[in-house]
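One chain is shown next in structure tokens, namely the form predicted alone.
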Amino acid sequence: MTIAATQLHPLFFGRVTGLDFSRAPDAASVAKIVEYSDRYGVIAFPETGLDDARHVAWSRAFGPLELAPHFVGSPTTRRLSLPELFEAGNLDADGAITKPDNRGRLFARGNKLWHTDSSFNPQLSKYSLLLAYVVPPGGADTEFADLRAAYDALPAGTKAEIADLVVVHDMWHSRQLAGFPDVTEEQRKEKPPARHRLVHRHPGSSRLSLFMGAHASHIEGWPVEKGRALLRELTEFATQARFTYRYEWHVGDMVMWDNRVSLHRATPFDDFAYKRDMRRTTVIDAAAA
């Protein structure tokens, strides 16, 4: 079967078919996926049939993978055996729906904010690949925003103002925005902030893009509140309906997004009544190291 893509939004987001995920990734398939990713920023693969091991193997074909983090105060046991898999659902280590005071549940509240994965690390994350195992009825979709198209649409004056700005990204900033309690000094020392340019040129497409989201705490060298006001303004601009697409999940679907040119967020559902089991790998941008 020929690998092909259909564009689902006027500006970005492609649906890719024709891949055989039952086999190990080959160079031609990987190159085609990268080509589509560079073009669309976010691409969906319907009904992949992947399991954990093949999910990790296909992800590793695009570069080295991040390992799921452990930080002070995080759960001490994991449900998933492969360290490359991040949990993006509402299940505890035994596979039951998490309780209201579960630390993982509280930490995951930040996923409902517009963000780009792991921007709080000094080394950027290139791709995230999220696979659906259990999808609840109604809601639990994921929304995506195109940061290249948003940058293109900015007024010339704004582009000039932000061209050389550097943003401080902090994991604890986004978690506190989402209501994560009691961030300690020990946690802050364990996971310090990182610095990234607000505007950068995407290497795969040569297009300029914004780079921000909920982890973006403030602008280096600016008064904190002034910088945060600008970041809020840019995020509101970039997440207008004309720049966003809402993806409705089905079991077996995988979505791959380029963290350098997109934002995403989880949408609400009744997460005390229904299970959601999503598992993510994250590819490190080794070329930018």
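Small disclaimer: the values here were computed from a predicted structure and weren't measured. Note that residue numbering begins at 1 and tracks the sequence as displayed.
The protein also exists as the form predicted in complex with ligand OGA; that form is not presented, and the subsequent description refers to it.
Heavy atoms within 4.5 Å of ligand OGA in the predicted bound form are found in one stretch of 49-57, 232-240, 34-42, 256-264, which is 256-264. Remark: Asn111 counts among the residues lining ligand OGA in the predicted bound form, judged by a heavy atom distance of 4.5 Å or less. Although the partner is absent here, His169 is not a contact residue: none of its heavy atoms lies within 4.5 angstroms of ligand OGA in the predicted bound form. Not displayed here, ligand OGA is approached by Asp117 to within 4.5 Å at the level of heavy atoms in the predicted bound form.
Although the partner is absent here, Ala88 sits close enough that one of its heavy atoms falls within 4.5 Å of ligand OGA in the predicted bound form.
Proximity to ligand OGA in the predicted bound form, taken as a non-hydrogen atom within 4.5 angstroms, holds for one residue of Val135, Leu130, Leu124, Ile219, which is Leu130. Just one of Ser209, Thr142, Ser174, Thr98 comes within 4.5 Å of ligand OGA in the predicted bound form, counting any heavy atom, and that one is Thr142.
Residues Arg276, Arg280 of 273-287 are found to place at least one heavy atom within 4.5 Å of ligand OGA in the predicted bound form.
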